[in-house]
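Have a look below at one chain only, the form predicted on its own, in structure tokens format.
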């Protein structure tokens, strides 16, 4: 069953008196439980595509179906609800709140959803344990390594059990060892049924996915399955 369906997605930005077309008719399908890497160099349009996938922006034209619902023309208030309920984000820069400890950072999505405090703590602890940080619940970001901070960010992204996990260059600020730890977590999440979409420019990272979609100059130039030995 398709979780994501995009049909002829175009995105243009006004630059002075002209329009710059960044996405030029993107059509793709991602099934529930899939693990997909969207790969392309800087300027290829992959970041713009990520923003549309994550409901952080809307297309100029075309249709985006998420879980069967066409959200292409939704207003910001509806998109914000979708982001809270259906998408978990992992960014290159972690985006943790420095004044909060790991448990409190992870619990934030549940707080915004109105989840009772006791349930917030229980589920945040479960998520942190899942990413190997059950012994770092009360550490603040400044007391954690970069790899540990990114694992906190992953726990925060999955704590509300969103259908889609969207990661934008998730290992970009990490050394190779910490990066491999993060990628192994994505593999475990996918094995448990989570839909994972990773945006990257790095072919080695992309090959951890089950399918690689390559984008160049705002168009998809290839889509290939990955065979893991």
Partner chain sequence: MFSQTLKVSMSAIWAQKLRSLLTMLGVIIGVAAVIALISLARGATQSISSKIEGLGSNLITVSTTTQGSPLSSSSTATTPLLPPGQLTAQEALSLGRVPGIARVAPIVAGSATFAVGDTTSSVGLVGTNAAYQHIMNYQLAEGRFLSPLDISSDANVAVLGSQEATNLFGAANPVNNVMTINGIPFKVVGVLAPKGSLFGQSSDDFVAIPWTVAQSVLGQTNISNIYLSAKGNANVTALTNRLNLKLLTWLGSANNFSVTTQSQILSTLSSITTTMQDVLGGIAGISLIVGGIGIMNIMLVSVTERTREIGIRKAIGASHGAILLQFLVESLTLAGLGGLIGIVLGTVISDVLGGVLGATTTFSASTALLAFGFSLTVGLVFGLWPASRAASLHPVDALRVE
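Numbering follows the first chain given and starts at 1. Keep in mind it's a predicted model, so treat the numbers as computed, not measured.
FYI, the form predicted together with the partner chain isn't displayed, but the following is about it.
The single contact residue among 72, 101, 148, 120, judged by any heavy atom lying within 4.5 Å of the partner chain in the predicted bound form, is 120. Proximity to the partner chain in the predicted bound form, taken as a non-hydrogen atom within 4.5 angstroms, holds for one residue of 57, 202, 31, 181, which is 57. Although the partner is absent here, residue 93 sits close enough that one of its heavy atoms falls within 4.5 Å of the partner chain in the predicted bound form. Mapping the unseen interface onto this chain, residue 84 counts among the residues with a heavy atom inside 4.5 Å of the partner chain in the predicted bound form.
Among residues of the shown chain, residue 76 is one whose heavy atoms approach the partner chain to within 4.5 Å in the predicted bound form. In the predicted bound form, residue 51 approaches the partner chain with a heavy atom inside 4.5 Å. Although the partner chain is not shown here, in the predicted bound form the stretch 101-131 places heavy atoms of 108, 109, 111, 112, 117, 120 within 4.5 Å of it, in sequence order.
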